[in-house]
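Given as structure tokens, the chain that follows is alone and in the form predicted on its own.
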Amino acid sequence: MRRYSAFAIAREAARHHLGWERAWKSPAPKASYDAIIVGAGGHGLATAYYLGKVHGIRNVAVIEKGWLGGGNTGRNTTIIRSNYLQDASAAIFEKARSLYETLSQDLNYNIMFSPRGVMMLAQTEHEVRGWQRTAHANALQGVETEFIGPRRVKELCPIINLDGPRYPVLGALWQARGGTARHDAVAWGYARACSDMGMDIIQLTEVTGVRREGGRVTGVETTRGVIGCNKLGIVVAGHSGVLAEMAGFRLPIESVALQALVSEPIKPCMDVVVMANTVHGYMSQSDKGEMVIGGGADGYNNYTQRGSFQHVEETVRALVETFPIISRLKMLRWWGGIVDMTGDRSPIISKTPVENCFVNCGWGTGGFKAIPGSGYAMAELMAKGHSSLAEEFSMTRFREGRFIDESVAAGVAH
């Protein structure tokens, strides 16, 4: 793989840019692999990357029924933060955030990481106490956050309205080293690095069955034939339950749509990420000038990847009160992604009842921010059979009553 650099750009400019090679190969599948990852989104590709980089397992295939990064990885609002209350959550999200900081250099691919800071508004007295509690917990966890007052909020985000008629801004939990990244670039960078290590990225290939023998996984059935494997990782977000059923077990998850939208591009007016959880809307401004807006998940189970006018109206109505400047903007486009929710709103990174079959799912509305940490933990689990980062997120916790309750502690009103 040729390295990307300023010199490479200059060299190819002289050649009219005819010398660029494909970022990743698209080979035909082999008969078998040491490990197969189902799902070529951010989490699946990160798992494959760390299997190769950290554990030396490179005879790996990443199988995707659609196109690379075409699921939730390309359908989110790109927020990166680690200011969670529970210790297990803070550990894996902080691992992800710290990996994001050097990911462009590690992958030799510009993921456009922007540590612009993430602000979680407190718009009720309950939220003030809640965010102060989280700030204290983060201090004990080694996560850099602080609770700031309204004046500091206004300094960081001048377009905000502190005196909303229903929900005035009373302060915020501020994480200065949080931010955003380019979601497509994260997937493309991981894919390029995986391909360079000799891994096969197999797109437009649907898994239709999981083969087992003696309680142990032996391979997968696909639309391109049977492919054998020693280990199988299921990393397919909203379709995790479908793949688990193929493997012969059930997951404690439900799938719903999460919608987002962007406005027409405008001049720079906001250089932080703001989450307003009482009204449940969050917003940042992209490099192209679009206001990137998200809200809550749908209130009913579904597998749609489309938006709905009702949800857009609900989200925008809430944000207009806090950001009056956006009231006259036109919507450019909107979409939906399929997210998988667990009962405690924390993920599952776990062994399964089928030997050598592993699952990574249940990230709900917070999957993008976790990609590097999730992949690192999943790779360690698949390679060694255990992972300190993944230990608390075992699927057995629901049977044993060891919940990691982020349903309210995450600051997102699921």
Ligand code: FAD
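Residues carry their position along the shown sequence, with the first being 1. Just so it is clear, the structure is predicted and the values come from calculations on it, not from any experiment.
In what follows, reference is made to the form predicted together with the named molecule, a form of this protein that is not presented.
A heavy atom within 4.5 Å of the named molecule in the predicted bound form is found for exactly one of 173, 220, 186, 237: 237.
When you look in the predicted bound form, the only residue of 73, 322, 342, 134 with a non-hydrogen atom within 4.5 Å of the named molecule is 73. Picking from 358 to 366, 345 to 353, 24 to 32, 379 to 387 the stretch near the named molecule in the predicted bound form, with a 4.5 Å limit on heavy atoms, gives 358 to 366.
With a 4.5 Å cutoff on heavy atoms, residue 276 does not count as touching the named molecule in the predicted bound form; it lies far away. Taking the partner from the other structure, the named molecule in the predicted bound form has a heavy atom within 4.5 Å of a heavy atom of residue 205. Among residues of the shown chain, residue 60 is not one whose heavy atoms approach the named molecule to within 4.5 Å in the predicted bound form. In the predicted bound form, the named molecule stays beyond 4.5 Å of every heavy atom belonging to residue 145. Using a 4.5 Å cut-off on any heavy atom, the residues of 259 to 292 that reach the named molecule in the predicted bound form are, in sequence order, 259, 260, 282.
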